[in-house]
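Presented as structure tokens, the chain that follows is alone, the form predicted on its own.
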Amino acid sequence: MKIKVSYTTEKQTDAAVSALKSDFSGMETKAVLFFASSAFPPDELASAMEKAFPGVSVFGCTTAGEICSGFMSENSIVAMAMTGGIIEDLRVEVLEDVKGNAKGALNKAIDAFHAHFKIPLSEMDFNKYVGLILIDGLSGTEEILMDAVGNVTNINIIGGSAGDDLKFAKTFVFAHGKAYSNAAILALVKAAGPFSILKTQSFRILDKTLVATKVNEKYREVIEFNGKSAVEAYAEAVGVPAEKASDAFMRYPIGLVIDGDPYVRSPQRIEGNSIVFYCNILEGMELSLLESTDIVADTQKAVADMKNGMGSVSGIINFHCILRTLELKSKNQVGPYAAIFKDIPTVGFSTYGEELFGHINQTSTMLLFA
């Protein structure tokens, strides 16, 4: 068996980790990726996972909900064990103090990758190598990190921002038996076989444009769209009174459209006459108003198309926006969505943002192994 997934709803850390270890017994495991509710003490969990799988690369993060083959859960741990049949080689690096020195931390990791793989990131074949990135979801450093890593390599870097079950207090990433905040995990994988990247979101692009004419980039705040206050311009585009603008946020986010494909920027909250977003918006950026469609139908089609193109799928890692999870819950579609993955070894989590060619929202970014 090349790949296997497991989950546990045990409440005590030792019992939960023991259950995962038992499920993966007998495998020649090379890496274990895990996603855990913030209900587990982070330092205790990181240490227990490292001890349970000696000699194995073990890494993960906290979540706002967990995903495993055929179901979505909360207050649980999900994990994926991968053998040499999936991963030929792997290096996991911790990027510390990303708020204070994100680029410096990344440069240190890049040097370590170069020393390990004996090839610069700039020369790596994107058909053979892929990066997995997990970022403190409250650090606000996703754009800086993704821009910086994009400047030094052409391989795909895919991942998600760690959550804390919607408490918005503190999120953690895990590696080398330790729990870190104000940090990111970057794992560089040399795959043993083919893999693909899938980005799926459920929106139609409307014929309404908002140009960010005044922004506070540091705080992801748009002060003006189209020369008007952000709230007024957004409400006008959606067709609601300004005092009702926030009610439309989930159904009508905005997106940077590239070659007909939207990269979603979701509004988070109103501050005065400004709108704070979950993703950065640059001054002068032209964005399209989006309208939500059917997450289940859209995802079913996207996954089916990818499976047909690949021939078969051994496993999926799914970075799934918490806003999508909340929408699925509101429409009683959690079960049908989870069922899409019931026949494929899948792990994932509800994120505070998704990483692929930058930082995005209300999207699922997935890594699929053939």
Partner chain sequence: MAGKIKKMLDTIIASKSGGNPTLAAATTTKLILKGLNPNKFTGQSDDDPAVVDKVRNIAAEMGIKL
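Residue numbers count along the first chain shown, from 1. Remember, it's a predicted structure, so these values are computed and weren't measured experimentally.
Not on display, but discussed next: the form predicted together with its partner chain.
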Identify, from the list R91, K99, K128, K103, the residue with a heavy atom within 4.5 Å of its partner chain in the predicted bound form. K103
Residue (of S229, S266, T153, S73) lying close to its partner chain in the predicted bound form, criterion heavy atoms within 4.5 Å: T153
4.5 Å heavy atom contact, D147 to its partner chain in the predicted bound form: yes
Interface membership of L282, its partner chain in the predicted bound form, 4.5 Å heavy atom rule: yes
Given that the partner is absent here, does L256 sit within 4.5 Å of its partner chain in the predicted bound form, heavy atoms only? yes
Consider E243 of the chain shown here, and say whether it contacts its partner chain in the predicted bound form, taking contact as heavy atoms within 4.5 Å. no
Options 130-138, 294-302, 220-228, 153-161; stretch whose heavy atom lies within 4.5 Å of its partner chain in the predicted bound form: 153-161
In sequence order, the residues of 337-370 that place a heavy atom within 4.5 Å of its partner chain in the predicted bound form are F357, G358
